[in-house]
Structures are given as C-alpha cells and as structure tokens.
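Next up is one chain by itself, shown in structure tokens, the form predicted on its own.
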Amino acid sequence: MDFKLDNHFLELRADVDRTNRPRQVLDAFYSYVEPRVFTDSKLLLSSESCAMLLGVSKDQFHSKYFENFLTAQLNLGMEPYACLYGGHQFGHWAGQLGDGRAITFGQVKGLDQTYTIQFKGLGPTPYSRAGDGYAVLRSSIREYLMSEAMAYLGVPTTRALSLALSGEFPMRDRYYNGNPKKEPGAIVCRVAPNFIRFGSFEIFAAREDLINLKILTDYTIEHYFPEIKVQDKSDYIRFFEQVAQKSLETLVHWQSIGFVHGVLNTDNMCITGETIDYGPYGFLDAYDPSWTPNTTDAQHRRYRYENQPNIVLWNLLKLANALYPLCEDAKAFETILNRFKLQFEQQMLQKNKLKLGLYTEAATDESMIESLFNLMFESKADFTLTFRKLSELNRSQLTFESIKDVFYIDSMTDKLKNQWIDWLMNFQKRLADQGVDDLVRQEKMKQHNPRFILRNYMLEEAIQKAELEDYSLLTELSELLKTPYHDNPKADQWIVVKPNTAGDSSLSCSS
C-alpha cells in the first residue's frame, strides 16, 4: 500500500511508561500502545469515498492487502498510540479521560490535506479506565453509518473508513440493569484531519502545566490553522475565534437538519469543528425542542435539541478558560463568546429561510418561521418530513390536505387545523411576492431539506438483524445514506413518520 505517512503528532512528547495499564499519564501528549491483531476479523462495510480522500486507488481499495489493514490484521508499519485528554462531562470536570477505545495508527497525506487514521475497538490503552478497550457491533454500526451519513448530508464530520467484526465477544451490560451478556465485537476505522478535542487543552490547564499547554496550542495552530503565525499573545485569541467559527458552522448544520448529538461533553468537541464520537445521537421525529436521545440525560435534558447552542457556547467558554493563561486577555475572549449567540441567531435565520425557499427580505419572515415551529410542536409534525414536503409542493399544492402525512396524531382540533391553513396561505403569498419560479425554488429547497435520514429505529432494525448475522439492511442503509437529498425510489419505504411499533428513539451511552 502506497501510503505516505506524516506522523507529525509524534513530534510531541510521548509517555515514557510503556506499560499498558490504566493510570494517570503526566507530562506527555500520548502513549504508545500495542493494538490487538484479530485473526478472525471480517470486513462488513467500507467507504470508497472516504478511501479516495486518502489517495487510495480503486484497485488498492479492493485489494486483499487493504482489507487486511481495515480488519486490523496488519498495521502498515505505523506507530500506534492513544491520546491524552480531559473534559467536562454533563457539566462537571471529569479529570483525565483519553482514548480508552481508540488507537491512532498515524497520519496520511490525502488528496487535499493530511488525515489521521484511528481504529476503535483494538483493546485497552492506559486511558481505558474501567473499560476493556473493545467495541461492540451495535455501537460500531451506529458510528459507521452516521458518520458517513453526516458527510453526505454536508455536515462537518469525522469519516468512517470501515466496519468489521472482530471475532471476539466482549461482555456488556447493554441496558444497565445488572445483566451483562456477551455481544459481537467490532472494529471501526475512522478518519479525520485530527482528533484534537477541547479537552486536550483543558487537561493541561487543569494541571497548571502551561508549558505543555503552549506546546499543544502552537502545534495545533501550525498544522490546522496555518494562516495564523504565532508572534504574540493576540494570535491565541485569533485561534480561539476561528475555533468558535468552526464550531458555529457545525452547530448550524446540526440544528438545520434536526440532529441531536446527545453527549456534547467538552471531550466530544473537535478543535476543527468536525462532529465526533457518535454515541446516543438521534434526529428529531416529531418536532420537540426538549428532546434528547440520551437516556442518561433524561432527567435534566442538558443535551436536548434546543439547548445545543447553549452547550456549544458553554464548551467554548471552558476552552477559553483553558487558553486564558497563554494570553491573559479575558475581555477579548468575552467579546468572541458574546458575539457567538447573535451570530448563531443570524445564521440560523438565514438557514431557515433557505429551508423555506425565502430568498428576498421581508419583515414577516422571522415571525413566519417561529409560527411554523410552534405549529409543528403543537401538532406533532415530523421535522424532516415537514420541510421536505414543503419543498416538493408548488404554490397551488400548499394545502393542509397535501401535508397531512407529516403528523404523528390521527386527528387535529379545528383550531389547530385552521392555524395550519392560515400559515400555508401566508406562505403561498410570501412565495408569490418574491417572484421566484416555483420549480427553481423547489429544487433549491431540496438542497437544504434532506428526504432520507437515518432514524434510530432504522438503525435498531439493522443492528438486530446484524446481530443475527443478517447484514442485508446494514448494506441497504449504507447505500441509501449516500443520496439524502435526492428523490431516490429505493428509499421510499423509509420516507414516512416513525411507525408506532418503533418505540422510543432514545438510548444509552453503553458501547
């Protein structure tokens, strides 16, 4: 395999202790580890589009040699390591965390930039804590499918190169009910420009290790924000501002498609803005801004849909606190953080206007959008189906009868139905007033309103089949997710409100 390695992260200080046991790692950025080699592993899925980013040719991608790499049967001569980081989890400082299930194999010069290749599920690291370092099939399916789905949706994200069975059967307490059972083990190979997290900086700040904090920050700027040349303390402010902007871009994407991350801890936010660590995520079914997909979060709903903007801002505050010792300019940080909320509101308004095909300025747009969300909430309208339906109808078709399939209630009060009729009439008039051709508007709207999304019940069906060694639905979903904005007839059976038999869309962090 003609990989051109560029392991510049290894220029940073390594952990001197080579023993692979859970412990506190000090004065280092990573620990060398020896990943398991699985002789009975089996490739289930692989992403050719992700491989192409790495410069892998079509022939290489389909070679047995590359398959052996994806199934962790060889490591291409790389020096595997696990990274140190800390983080705030559910609002509380958790101390040292680190790569407990992830092992980085190195960096590859791809077509447009350098990518980091990381495997999950290859055994313990010094950061595994109480875990065993292995991964199970259900969580690995969710990570592979959703990271690839988000890429095709246009959302900044880590990518998944492959999904494989490990041949092992780790013990897991799937429902946290004291009944652990063996589950099929799996391996995910994931790819991103880097896996540096907010918590990577927090751990050094918490330990008052300002030397390593500066080393990591300078390294990150040099390799991932090269337009910034660190010459004085103000450049650290510029760095933070760009991190905030990348986080904002991703946040707007999430909100616009109804995606809820589910566990937005500071260790689950990437410094360059990619969506990372797909655990108890989910898409909104019936529009409910208070919904969280994380059962661990069910009581306080910290990570609910409507609170994601506040959480991203809170996480940025924690990053600012970590970076503060490098420049000691609290006012500059505050200015960026105070601006964030206004920028989000402005960008979200513009995004929602694009979702509704509103391309001119009108004083009533903001109230029209707010009224739509209120109606969707009151009538339990499906988030994705509502916006997609509005993009598929011409002005004369914008009637209540035309949208009645998007609701999760069988009957509606006359008052609520009349409110929908009034809103649709106002929407018709607004579209007519702007003078944009209907077909042009509909095609533009479709580019901002996905038709196909991976709902949790679909994933659960695929997982249940896969655990019985039936991978047909897994393969089907892996293909459908590639065309989320297109009118793909193969996806028709999934373009409906979630069936009553599908149950709750929430799940735990267990993996």
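Position 1 is the first residue in the sequence shown; the rest follow in order. What you see is a predicted model, and the numbers here were worked out from it, not measured in a lab.
The discussion below concerns the form predicted in complex with adenosine monophosphate (AMP), not included here.
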Quick check on Leu97: any heavy atom within 4.5 Å of adenosine monophosphate (AMP) in the model of the complex?
yes
In the model of the complex, Lys246 touching adenosine monophosphate (AMP) (heavy atom, 4.5 Å):
no
Look up in the model of the complex whether Arg138 has a non-hydrogen atom within 4.5 angstroms of adenosine monophosphate (AMP), and give yes or no.
no
Residue-level question: is Gly133 within 4.5 Å of adenosine monophosphate (AMP) in the model of the complex, judged on heavy atoms?
yes
Considering non-hydrogen atoms and a 4.5 Å limit, which listed residue (Glu183, Asp285, Asp277, Asp297) is close to adenosine monophosphate (AMP) in the model of the complex?
Asp277
Find the only residue in Gln89, Gln428, Gln350, Ser371 having a heavy atom within 4.5 Å of adenosine monophosphate (AMP) in the model of the complex.
Gln89
Looking at 212-220, 103-111, 261-269, 353-361, which one sits within 4.5 Å of adenosine monophosphate (AMP) in the model of the complex if you count heavy atoms only?
261-269
Can you tell me which bits of 362-400 touch adenosine monophosphate (AMP) in the model of the complex, meaning any heavy atom within 4.5 Å?
none
